[in-house]
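Read the single chain below, which is given as structure tokens and is the form predicted alone.
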Amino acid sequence: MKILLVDDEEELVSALAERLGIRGIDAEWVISGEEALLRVKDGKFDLAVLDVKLPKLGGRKLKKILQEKCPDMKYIFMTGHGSEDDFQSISNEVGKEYYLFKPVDIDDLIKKIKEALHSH
């Protein structure tokens, strides 16, 4: 399994990738939606963990673009500044169980990653 982490908080996203790596999960990270689009050109990812509030290209819009390029990719959203509207609309797209609040517990994230990859 290969995971793409997208979050503009570089310290957070690099630490998450490292912690996933320690647990045997191949995770790459980027700090913008634009970088994520470049990264998927070079490699195939099974799942993307997207920050809802990314500058310029937000997580929801990024997901729509990624879905066209990578129709089999699964998604988990995480946010530190979620609104009720974001929660409702994203939950309708990916399921409320895949909308996580920061700080994210690494064991919960791994559990959600495995669930998402084995659903559908």
Partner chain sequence: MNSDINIIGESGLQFFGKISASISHEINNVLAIINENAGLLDDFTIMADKGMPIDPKRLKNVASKILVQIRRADEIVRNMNTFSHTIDQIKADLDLRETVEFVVTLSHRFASMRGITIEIKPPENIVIISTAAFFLENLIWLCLDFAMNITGSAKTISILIEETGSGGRIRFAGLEGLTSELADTFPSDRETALLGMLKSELTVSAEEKELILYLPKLHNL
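Residue numbers count along the first chain shown, from 1. These numbers come from a predicted model, not from an experiment.
Omitted here: the form predicted together with its partner chain. The next part is about that form.
Remark: all three candidate residues (15, 55 and 104) come within 4.5 Å of its partner chain in the model of the complex, counting heavy atoms only. Taking the partner from the other structure, its partner chain in the model of the complex has no heavy atom within 4.5 Å of any heavy atom of residue 108. Remark: residue 97 does not count among the residues lining its partner chain in the model of the complex, judged by a heavy atom distance of 4.5 Å or less. At the 4.5 Å threshold, heavy atoms of residue 41 stay clear of its partner chain in the model of the complex, well away from it. Its partner chain in the model of the complex comes within 4.5 Å of a heavy atom belonging to residue 81.
Heavy atoms within 4.5 Å of its partner chain in the model of the complex map, among the stretches 60 to 68, 41 to 49, 73 to 81, 87 to 95, onto 73 to 81 alone.
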